[in-house]
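Given next, in structure tokens, is a single chain: the form predicted on its own.
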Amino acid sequence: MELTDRDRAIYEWQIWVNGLGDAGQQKLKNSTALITRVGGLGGPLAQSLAAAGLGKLILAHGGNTKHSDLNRQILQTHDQLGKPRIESCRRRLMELNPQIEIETCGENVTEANVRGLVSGADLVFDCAPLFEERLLLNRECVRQQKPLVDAAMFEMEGQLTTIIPGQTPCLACLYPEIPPGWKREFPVIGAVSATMANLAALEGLKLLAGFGELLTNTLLIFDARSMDFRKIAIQHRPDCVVCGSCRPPGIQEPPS
């Protein structure tokens, strides 16, 4: 789809960004991103992508809105309490950008739905609080050769990397096993989540529009207590069971 005069009016200031331009904005309009868990990380991320003019978002998030969501999940509201989170996500994003196409899945990522969710996207954003979901999504992105932006935070720290199968380490290279003792609920301030969400959104916009430098082969670490950013070089593990030369027992190609 070509840019319309309305598109140019809405995204005028953004199009002025060096390296983006009309061509980059048109790429965004014709791109689809999957966001898994549209909560403290995924909510602000989805909002930034919608505001930037991405053509389509696929959102996957299960469960109903709870009081404990409201300190950071900016797409949820008090009148949404007890109702499916995904409904509020869609409504709020459509209010922001009625031109965007939104596909919703009222479930978290599972073995049953991961293949279909990933197959519809040009780029995947992983915002799940559980490593089981993250590693499942990573495995499917490697299988389908889809780029993955992995954003995470805990307490006052965050980390971010961009995974391009065949070119960079995958998430299983960094975390061959689920860290012991990891729990779904953890300390979180909404502003830290939103910071990492918007850094992830910038990575995705650069990747899709084709400008700037990406965090490939690099892990960005953010410490909100000291406002310190660090970059750590990361490497592919030759023995990685996901992107290496072997597969773990029980993980086979899905049926065609």
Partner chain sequence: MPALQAFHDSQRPLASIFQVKITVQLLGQARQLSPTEQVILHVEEGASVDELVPQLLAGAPDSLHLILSERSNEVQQLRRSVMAIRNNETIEPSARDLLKDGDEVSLLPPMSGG
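Everything numeric in this text was worked out from a predicted model, so none of it was measured. Residue numbers count along the first chain shown, from 1.
Missing here is the form predicted together with its partner chain; even so, the following discussion is about that form.
Pick from 219 to 227, 203 to 211, 48 to 56, 23 to 31: which stretch has a heavy atom within 4.5 Å of its partner chain in the model of the complex? Careful reading of the contacts points to 219 to 227.
Would you check, heavy atoms only and a 4.5 Å threshold, whether residue 95 touches its partner chain in the model of the complex? Residue 95: no contact with its partner chain in the model of the complex.
Does the 4.5 Å heavy atom contact test between residue 9 and its partner chain in the model of the complex come out positive? Close contact is absent here: in the model of the complex, residue 9 is far from its partner chain, nothing within 4.5 Å, heavy atoms only.
Using a 4.5 Å heavy atom cut-off, state whether residue 174 contacts its partner chain in the model of the complex. It does: once its partner chain is placed as it appears in the model of the complex, residue 174 has a heavy atom within 4.5 Å of it.
Residue 41: touches its partner chain in the model of the complex, heavy atom cutoff 4.5 angstroms: Taking the distances in the model of the complex, the answer for residue 41 is yes, it comes within 4.5 Å of its partner chain.
Give me the residue from 116, 179, 82, 166 that has a heavy atom within 4.5 Å of its partner chain in the model of the complex. None of the others qualify; the residue that does is 179.
Find the only residue in 121, 100, 142, 128 having a heavy atom within 4.5 Å of its partner chain in the model of the complex. So the residue touching its partner chain in the model of the complex, by this definition, is 128.
Sequence-ordered residues of 150 to 166 touching its partner chain in the model of the complex, heavy atom within 4.5 Å: Contacts from 150 to 166: 151, 152, 153, 154, 155, 157, 158, 159.
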